[in-house]
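Okay, here we've got a single chain as structure tokens, the form predicted on its own, with questions on binding and movement later.
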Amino acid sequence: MTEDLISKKELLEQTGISYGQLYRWKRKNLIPEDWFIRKSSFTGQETFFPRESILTRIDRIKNMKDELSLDELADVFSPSVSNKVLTRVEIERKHLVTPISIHLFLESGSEKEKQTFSFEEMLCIYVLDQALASGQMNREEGILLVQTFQAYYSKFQDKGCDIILTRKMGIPLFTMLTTGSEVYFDTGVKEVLRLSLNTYLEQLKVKLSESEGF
């Protein structure tokens, strides 16, 4: 499948940003280097971008740049997890996730009375919370999601990844893969949910920043 691209000229016209802003945001790591794709055109070499990704990213930068510095935005868009540690009391006080999702996360593991969570664990609970809220995943599948995340998320450190829930004859299966990867299933397999962990990582960082008064 051919990737839908947008030229730099069209991008600047459609978003209303300047050439200088685009490359300043690139230097500040707000826009990934590998999104700048050089291709031959009838006018010579031209720069293109993955359309949906760049338009979404620029919209988010424009919406948040008055509240966060460029360095803080770079952290939000970074695929790296924070080293922040949160207590259960803090998570509930900040309303980051529902108590039901915290309870289900604890039920999925061996530390059922755990009161302190790493940022990666917090991300797992946040993804679980969003998937449950979609109404497309049941409680038993939620436990399977947590187990899949905990087993494989570390293999995608500093890279974007997605997690897919499929069902075949009612049997659920979770798959984790690098963001943007194409995946094909045999007939009879239904893709129920595709969760962008990078998107949820960004959302969680923004929520934490907002809850801390940025």
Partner chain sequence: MKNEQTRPDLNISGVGRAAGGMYRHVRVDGVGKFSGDIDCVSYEVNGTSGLQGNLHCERYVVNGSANIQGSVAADEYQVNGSSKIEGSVKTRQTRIDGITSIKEHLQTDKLIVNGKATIDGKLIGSCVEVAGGITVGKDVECETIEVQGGFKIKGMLNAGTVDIVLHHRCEVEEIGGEQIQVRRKSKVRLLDQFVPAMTPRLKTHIIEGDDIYLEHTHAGTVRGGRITIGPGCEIGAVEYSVSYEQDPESRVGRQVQM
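Only the largest set of C-alpha atoms that superpose within 1.5 Å between the two forms is called the rigid core. Numbering follows the first chain given and starts at 1. Nothing here was measured: the structure is a model prediction, and the numbers come from that model.
What comes next is about the form predicted in complex with the partner chain, which does not appear here.
K.L.:
Spot the stretch among 32-40, 178-186, 147-155, 56-64 with residues whose non-hydrogen atoms come within 4.5 Å of the partner chain in the model of the complex.
P.N.:
Result of the contact check: 32-40.
K.L.:
Though only this chain appears here, would residue 8 touch the partner chain in the model of the complex if you measure heavy atom gaps against 4.5 Å?
P.N.:
The answer is yes: residue 8 has a heavy atom within 4.5 Å of the partner chain.
K.L.:
Using 4.5 Å between non-hydrogen atoms, is residue 69 touching the partner chain in the model of the complex?
P.N.:
Close contact is absent here: in the model of the complex, residue 69 is far from the partner chain, nothing within 4.5 Å, heavy atoms only.
K.L.:
Though only this chain appears here, would residue 27 touch the partner chain in the model of the complex if you measure heavy atom gaps against 4.5 Å?
P.N.:
Result yes; residue 27 sits at the interface with the partner chain in the model of the complex.
K.L.:
Taking heavy atoms only, is residue 18 within 4.5 angstroms of the partner chain in the model of the complex?
P.N.:
Close contact exists here: in the model of the complex, residue 18 approaches the partner chain to within 4.5 Å, heavy atoms only.
K.L.:
Is residue 34 among the residues whose Cα moves by 2 Å or more between this form and the one not shown after superposition of the rigid core?
P.N.:
The answer is yes; the displacement is at least 2 Å.
K.L.:
Is residue 16 displaced by at least 2 Å at its C-alpha between this form and the one not shown when the rigid core is overlaid?
P.N.:
Shift of 2 Å or more: yes.
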